[in-house]
Every structure is written in structure tokens, then in C-alpha cells.
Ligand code: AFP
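Below you'll find only one chain, the form predicted alone, shown as C-alpha cells.
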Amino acid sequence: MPPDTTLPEFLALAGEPVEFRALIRQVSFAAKRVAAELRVAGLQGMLGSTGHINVQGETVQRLDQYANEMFVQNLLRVPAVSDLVSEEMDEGLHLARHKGEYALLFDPIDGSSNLDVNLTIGSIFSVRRPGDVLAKGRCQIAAGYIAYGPATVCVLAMRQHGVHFFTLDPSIGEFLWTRGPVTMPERGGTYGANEAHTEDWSEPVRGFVQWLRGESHHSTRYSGALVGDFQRILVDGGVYLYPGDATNPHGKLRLLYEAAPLAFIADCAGGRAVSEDADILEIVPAAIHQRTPLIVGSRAEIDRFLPAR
């Protein structure tokens, strides 16, 4: 693929339907606006909280609200999208006037705690059929995320085309293809986990992490932003863990628009994702904001974890 291929050109060359291309184009437009706002957020007073609490019981940051508005506004322009589900909305938004064939589920800002300290954050999204919103993750049509870091990178996974990276060139305002299809290494040398909660994890998880940092000699890398930590695992291999604990036995990550999309990307790249007792892509959700533990990464690490359950 020529390095100057834009995201829309890539999708056209891949033979994707016009409606799907329109959806992804509007996702990329929203990401560009979020990236632009992030560059000046500290100067324009956009950091900090709104003072509101969302349906998750979490404090809403100003940029959470802004990013959610950008995604909703842009997706409203796509007649092919009939349903929107967001971390920042109590209920899904059904667009009755749209007779679309797609639903978009998204976390507009992942890693909000990193905003005030200028660390990597991201946006995560999942594309499904409207009737499959509460279906298992294998029913996803596509999934991806945008990492806002030193460069703004859009990672897109499609079952027939694999996982591809597109980097935003701010001089022309376009995401350009930079890498793909991406294959996750069979084994890695790092793991990411918030080990402050070690004593509250189950014995199998504690034993697995002890093996990682002991016999297996993995190094620890943890940023507090799911997208940033997953990006490292996708490129370099290894494993990321956000297990349940004594306070949150069912985990804290949302299944539909955090865990399932990343599990889909990992699967398309040759990796795997599990909760502590099931394949993430096989879990049938009961509610749009359902939570789950997540262990995602290279096949060798996940295969080692599974017998320990």
C-alpha cells in the first residue's frame, strides 16, 4: 500500500461499501476535531471536570463531554447509522429517521485521568449491525481506536483486511496509511497492570502476574490509559490485565465499547482476549454498560494464563 494512501482511499481500494466508508470518515472527522482541541485544551480552559457524574458513576471531564458531542454530531450526518451507544450517555440513541444498517458504540475519551498531566489518551469504537448491539463480540463488523499521543494514530480492524494503522498528517488534515496488516507478536516482553490492587485480585491472577515478573522476566509498563497500554501490546507483544477485584468483582472496563473492540482488534492481529472465565468475544452482554475483567495480549501469554484459572 503506498504510504500516501488516505484512510478513505484505503477503504475504497479494499472494496468496502460506500455506507461503511461514510461511517469511518465521520469517525475520523470527530477524531481530528478532538485532536485539534487537545492541542490547545490547556490554553482554552478545557481541562478539568464539568462537575457532573455520568451513568458509570464517574466524574465527567470537559473533554469527555466535548469528544462525545463531536462523535454524536458527526455520526448524525451518516444515514447508514441508526444507533449510537456511548459511555457518556445513559441510554443508547436510536435515530428513528435513519434506516441505517450500522450501529456505532464508542468511548469518546479513554484515559481521562491522563488529561491533566498531558499523557496519552484515546477514543475506542465498535461497528455492529443495529440488531447485534447486545450480541457477542464476534458479531462486530469492525473495531478501532484513535491514540492521541506524539502522533494521532487511527487503528482500524476489519475481519477480511486485518489491522491497519493510519497516522494523521496535520499539514493536510488526513489520516494516511502507515502500517498493516499488523500481526501481534506470538510472545512479548512486557505486561501492563495496576499492581496497587494486587492483594484484591483472585489467586490465579496473582499467580500469573508473579510468573510474568519472575520466571518469565517480563517488564512492567502501565500508563493508566487502556488505548496507550494496548497499543504497546499490539505492536510489541505481551499482555495487558484489568482483572476484577474485591471491590469490582465483575471488572471495571465496559464490555461493548472498550473490551470487545480491543478483543476484536487483538483477534484480527493474531492475539486473544479473555475475561477471567470466558473468551471476551463470546460473552453475550445483558446491558449496554455491562462491565468485564479483561486480559488481552499475545497468544503465548494468554495460553499461559488460561490453565491457571
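Since we're looking at a predicted model, the values are computed, not measured. A residue's number is simply how far along the shown sequence it sits, counting from 1.
This next part talks about the form predicted in complex with the ligand, which is not shown.
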All of S202, G244 and F305 with a heavy atom within 4.5 Å of the ligand in the predicted bound form
no
Though the ligand is not shown, can you say which of S112, Q140, S86, T152 has a heavy atom within 4.5 Å of it in the predicted bound form?
S112
If you check G224, G92, P130, G180 against the ligand in the predicted bound form, which one has a heavy atom within 4.5 Å?
G224
Go through 164-172, 74-82, 194-202, 131-139 and give me the stretch that gets within 4.5 Å of the ligand in the predicted bound form, heavy atoms only.
194-202
Going by a heavy atom distance of 4.5 Å, is R272 a contact of the ligand in the predicted bound form?
no
Is the gap between D267 and the ligand in the predicted bound form 4.5 Å or less for some heavy atom pair?
no
Applying a 4.5 Å heavy atom distance criterion, does K252 contact the ligand in the predicted bound form?
yes
Touches the ligand in the predicted bound form: Y257 (any heavy atom, 4.5 Å)
no
Hey, which residues along 267-303 are within 4.5 angstroms of the ligand in the predicted bound form, non-hydrogen atoms only?
none
